[in-house]
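The chain that follows stands alone, in the form predicted on its own, written as structure tokens.
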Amino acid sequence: MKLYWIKAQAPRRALALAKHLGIDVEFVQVTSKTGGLKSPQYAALNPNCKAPTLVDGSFVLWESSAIMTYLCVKAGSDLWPAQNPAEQIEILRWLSWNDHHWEPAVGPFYFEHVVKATFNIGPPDRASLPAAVPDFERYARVLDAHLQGRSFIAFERLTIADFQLASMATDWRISEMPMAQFPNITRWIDRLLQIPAWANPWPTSD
């Protein structure tokens, strides 16, 4: 099994999960030296030319939430409750909420402070970020209220919903997100950072 990755938020959750579950997988970093995301070879695997992409024999899968689900099924892990439809529905609610509300709300901060630095595409444009604060605060209030009295997103245990929602928010300090006013979120993130695979998901370069 191979997992193709770049240093970005979507691959992070797939890498962290594979590492956390102890799955035997070859991590393949997609770099300019290997042709990059837009090379014909990589595009044949993932027509979106994005990462991550999972290859298991003749089976190819892209989209990080789908990859996380697949890895859980392979490992028999209840981080995705394959045998419990009611729990699946709850997790899907939060995956959808992340993709349509939370990720767009935190994304501008993450892009300016993390993506730009990672890919050397210029300094952060801090002047653009005040316009992003209202949406950030709107959805942070929703998540903070949900996490009141909870340690995880669902069922008081770790699930793929935690990795999905935390993938950009974990870097809230260096991204200068106005997160300090939401103590339940910061407490949840700090708890996730106690998980070794989440705190350090990136494969070691040879």
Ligand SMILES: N[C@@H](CCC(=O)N[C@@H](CS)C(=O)NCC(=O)O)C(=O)O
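In this text the structure is predicted, and so the values were computed from the model without any measurement. Residue numbers here begin at 1 and follow the sequence given.
Beyond the structure shown, there is the form predicted in complex with the named molecule, which is absent from this document and is the topic of what follows.
Q: Heavy atom within 4.5 Å of the named molecule in the model of the complex: which of Leu143, Leu37, Met179, Leu45?
A: None of the other options qualify; the answer is Leu37.
Q: Of the options Ala154, Leu147, Val28, Ala51, which one has a non-hydrogen atom that comes within 4.5 Å of the named molecule in the model of the complex?
A: Going through each option in turn, the one that passes is Ala51.
Q: Using a 4.5 Å heavy atom cut-off, which stretch among 171-179, 135-143, 59-67, 154-162 contacts the named molecule in the model of the complex?
A: Answer to the contact question: 59-67.
Q: Heavy atoms within 4.5 Å of the named molecule in the model of the complex: does Thr186 have any?
A: Judged by the heavy-atom cut-off of 4.5 Å, Thr186 is well away from the named molecule in the model of the complex.
Q: Can Ala10 be called a contact residue for the named molecule in the model of the complex at 4.5 Å between heavy atoms?
A: Contact with the named molecule, yes.
Q: What residues of 149-183, in sequence order, lie within 4.5 Å of the named molecule in the model of the complex by heavy atom?
A: Nothing in the stretch sits within 4.5 Å of the partner.
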